[in-house]
Ligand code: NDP
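Just the one chain here, laid out as structure tokens, in the form predicted alone.
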Amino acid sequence: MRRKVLVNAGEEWPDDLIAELSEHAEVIKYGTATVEDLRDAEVLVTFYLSPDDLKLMHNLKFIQVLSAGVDHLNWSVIPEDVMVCTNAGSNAEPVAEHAMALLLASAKRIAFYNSRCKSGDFSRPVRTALLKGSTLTVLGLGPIGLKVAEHAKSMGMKVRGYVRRPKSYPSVDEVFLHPDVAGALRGADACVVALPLNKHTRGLVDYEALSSMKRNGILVNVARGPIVVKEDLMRFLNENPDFVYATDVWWNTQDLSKDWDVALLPNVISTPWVAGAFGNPAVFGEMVRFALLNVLRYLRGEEALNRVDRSDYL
């Protein structure tokens, strides 16, 4: 029996990679798969998992998720012997660019002055910040965090990193280890959150952590909303009007408008989750290619990238 790969039915899959996959396995659109296809499938490429379908997939060995994060998966229904890989790195450059855009817009008070100029007010009541020589903490030094560190270093910033497992990072001046997030943020002028959301990072940035930063600091979040404690953030922003929270991500992922209370605060700059695939279809195209190349690695017997440690989520 030929190996079977199920891919999301609603996506546009690149013909060249589908042809290459077909040399190793039969490629079937997930939405058109029969019960027999589900039972025989060895590989599943998707965003979301159907618990009912998973119960039928007795031959499933490998799940390639199209998103960089896997916090949305129901790990209790995924068999322990099934390998799950994220798509981390597939959108690192555009998300890092967006993080730097939010950082620069906050430091240079772009939104503040833009709205005043449009109303005819060309006065200059607020100072802009200099990033060169300032200290940036990057929470998470995965593909996105490393890109942010590189960009920041090229601008003359002092870069700190926060990780669970230390390595050598050429663009990082100082590394702090989990769980010392307060130490990593102490005295920082700015911070970019680039961590995955899991049991180690949910609620990591609380009132105490925020209080470690400068009162006129900037917190940029391009990771996941729940890494920051919403109630603590709102309290801190109300108490410190010179502090800026700049975000592309939210707590209510199914309805971003439910977090309008944060977006309304005067010291918040926000975008509606457009740093990655939702902002540009070309980004999603690269994410699809990145995922399929990882499936090819698996089918060829090579080591797959971005294997998930399920203990981080259970």
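Numbers follow the displayed sequence, beginning with 1. This structure is a prediction, so every number in the text was calculated from the model and none was measured.
Although not depicted, the form predicted in complex with the named molecule is the subject of the following passage.
The single contact residue among K153, R164, K214, R235, judged by any heavy atom lying within 4.5 Å of the named molecule in the predicted complex, is R164. This chain is drawn without the named molecule; in the predicted complex, the residue among H178, K230, K158, R109 with a heavy atom within 4.5 Å of it is H178. Remark: I269 does not count among the residues lining the named molecule in the predicted complex, judged by a heavy atom distance of 4.5 Å or less. Although the partner is absent here, V249 sits close enough that one of its heavy atoms falls within 4.5 Å of the named molecule in the predicted complex.
Within 4.5 Å of any heavy atom of the named molecule in the predicted complex lies no heavy atom of R116.
In the predicted complex, the named molecule stays beyond 4.5 Å of every heavy atom belonging to S134. Partner contacts here mean any heavy atom within 4.5 Å of the named molecule in the predicted complex, and among 140-148, 205-213, 123-131, 184-192 they occur only in 140-148. Along 198-229, a non-hydrogen atom within 4.5 Å of the named molecule in the predicted complex is carried by N198, H200, T201, V222, A223, R224, in order along the sequence.
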